[in-house]
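In the form predicted on its own, a lone chain appears below as structure tokens.
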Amino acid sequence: MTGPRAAVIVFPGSNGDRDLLEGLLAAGFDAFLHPSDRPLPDGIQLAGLPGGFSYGDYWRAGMLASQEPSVVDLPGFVASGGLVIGVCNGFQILVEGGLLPGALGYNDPAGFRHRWVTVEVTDQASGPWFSALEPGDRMLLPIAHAEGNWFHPDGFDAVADRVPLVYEENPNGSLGDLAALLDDTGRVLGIMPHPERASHPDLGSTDGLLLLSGAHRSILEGVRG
């Protein structure tokens, strides 16, 4: 494998690490698993934080994982041009670590949601993660979470220019129908649906692969956020 190198960070309690690894491999990355209690490895172009229940979701979902050495290294990695994706619990970790704004709380109405949803690509979708998608495109992706209700005390307008994906039918009460969020560089993406679980026809959709392969292409072309 000679593609861009991608590290999937494995936390105690992760259960989507293998899925994300397979999705990144399918997109062309030289991907591998990396334990969260070690600093980020040298020579990677992408870091992926998978879904699951890191540290059993104790205290708050993602809070304990956000203190791990691999997560503490992420701001410097992003500043050097690296791409970061946090899926589901990974999105929660990025928020708890201060790489993305707001908070993710219990679904409204409460309950675990596990089904396919349709999300729409917005006019704000730009940068390396969305090079293979156009505003107005719709993606069929699976969700599996109980705490995907995104909130910001200053309202949706505080981040409206950084929301690349919105739910067609909001499954969790998330403010502004937000399904994903970018940081101000465009290189950090938090997403509650699972693109890696929509990366092969046998899974029911390949829409998620567009996101991962777009990042792959952007790295090869040297596109920065």
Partner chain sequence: MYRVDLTVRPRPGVKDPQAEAVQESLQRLGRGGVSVSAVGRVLSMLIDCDDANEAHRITADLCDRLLVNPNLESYEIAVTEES
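Residue numbers count along the first chain shown, from 1. What you are looking at is a predicted structure, and each value in this text was computed from that prediction instead of being measured.
Beyond what is shown, the protein has a form predicted together with its partner chain; the following relates to that form.
Partner proximity in the predicted bound form, defined as non-hydrogen atoms within 4.5 angstroms of its partner chain, places exactly one of 36-44, 63-71, 158-166, 184-192 at the interface: 63-71. In the predicted bound form, at least one heavy atom of residue 102 sits within 4.5 Å of a heavy atom of its partner chain. With a 4.5 Å cutoff on heavy atoms, residue 149 counts as touching its partner chain in the predicted bound form. The closest non-hydrogen atom of residue 79 lies beyond 4.5 Å of its partner chain in the predicted bound form. The closest heavy atom approach of residue 131 to its partner chain in the predicted bound form falls outside 4.5 Å. In this stretch, 15-37, not one residue has a heavy atom within 4.5 Å of its partner chain in the predicted bound form; the partner itself is omitted from this view.
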